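Just one chain is shown here, as structure tokens, and it is the form predicted alone.
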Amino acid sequence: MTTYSQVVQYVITGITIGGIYALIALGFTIIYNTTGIINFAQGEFVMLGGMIAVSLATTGLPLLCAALLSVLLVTAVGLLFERLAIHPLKGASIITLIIITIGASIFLKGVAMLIWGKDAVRLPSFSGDKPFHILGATILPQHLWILGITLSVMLLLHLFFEYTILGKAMRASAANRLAATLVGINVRKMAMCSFALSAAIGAVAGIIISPVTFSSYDVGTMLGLKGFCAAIIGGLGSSPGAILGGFLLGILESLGAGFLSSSYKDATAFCILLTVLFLRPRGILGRP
């Protein structure tokens, strides 16, 4: 493989994984904008999406039905999490709520280990595993599914926040909670909706990445941290920033793993994060 085809291969791989990071970062951003909380259980929503979809698919359900039911179940988990762990603590500080999300992450990971064990599992590819070649790079059909679904989710989110009453209410709550309350918006209901939406997006990410990287009870931890890094790099609170940060992180991580060493793959994300924090603490598209 020539250097040119290597670069193309690494960039394509980076775009694929970057799409997943972007979806996870969007989940962080939605909850942060509405509640001010950084939800460190976001990675576990990704894990649950993949694991539940695999379990449902092995029972004989069609892949599409298994995926849709998995998204609905993980959305329900997000709703229950907000209702049982976040909603009752009306006067708690943001730090306390963030610590609760860390505890929820550990709890969900433990429950997943008890249910599914420690073995990695894989969801079947959506349209086979026969690769094809473009510019000397090898591409799996699942890579196209990941990119297509990622872009579709981003488009649907844009339409949701721009053209629906609920989406506009969530944007208003994110912009100014007091003003939103004064005009009759139930801010706490918007918080519930943000957790549900974030969980659904996380589940989609877990489902589409499972055929490529496999799923296990602990896969959400690192994916969640990478998504958080992407959100910070792009600018916490900025949806375009989350998308940009996710793709940028994925591409740079892939190039670093390819030309340096795959051993530094995970360290690359945090080195990029520290560099951005030193040079531009608010992120690339974040507000001052």
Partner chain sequence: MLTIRNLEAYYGAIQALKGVSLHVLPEEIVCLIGANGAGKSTLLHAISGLVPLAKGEITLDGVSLIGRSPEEIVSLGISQVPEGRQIFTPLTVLENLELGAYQRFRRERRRQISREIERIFQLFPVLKERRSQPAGTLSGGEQQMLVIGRALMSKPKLLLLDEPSMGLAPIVAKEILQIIRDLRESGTTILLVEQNAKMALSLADRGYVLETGKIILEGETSELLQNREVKRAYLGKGRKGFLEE
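Numbering follows the first chain given and starts at 1. In this text the structure is predicted, and so the values were computed from the model without any measurement.
Just so it is clear, the following notes concern the form predicted together with its partner chain, a form of the same protein that is not shown.
Interface membership of K168, defined by any non-hydrogen atom within 4.5 Å of its partner chain in the predicted complex, is confirmed. For the chain shown alone, I185 is a contact residue for its partner chain in the predicted complex, at least one non-hydrogen atom being within 4.5 angstroms. None of the heavy atoms of S127 is located within 4.5 Å of its partner chain in the predicted complex. With a 4.5 Å cutoff on heavy atoms, N176 counts as touching its partner chain in the predicted complex.
Heavy atoms within 4.5 Å of its partner chain in the predicted complex map, among the stretches 67 to 75, 198 to 206, 145 to 153, 159 to 167, onto 159 to 167 alone.
Looking at its partner chain in the predicted complex, residues A172, T181 and M190 each place a heavy atom within 4.5 Å of it. In this stretch, 104 to 120, not one residue has a heavy atom within 4.5 Å of its partner chain in the predicted complex; the partner itself is omitted from this view.
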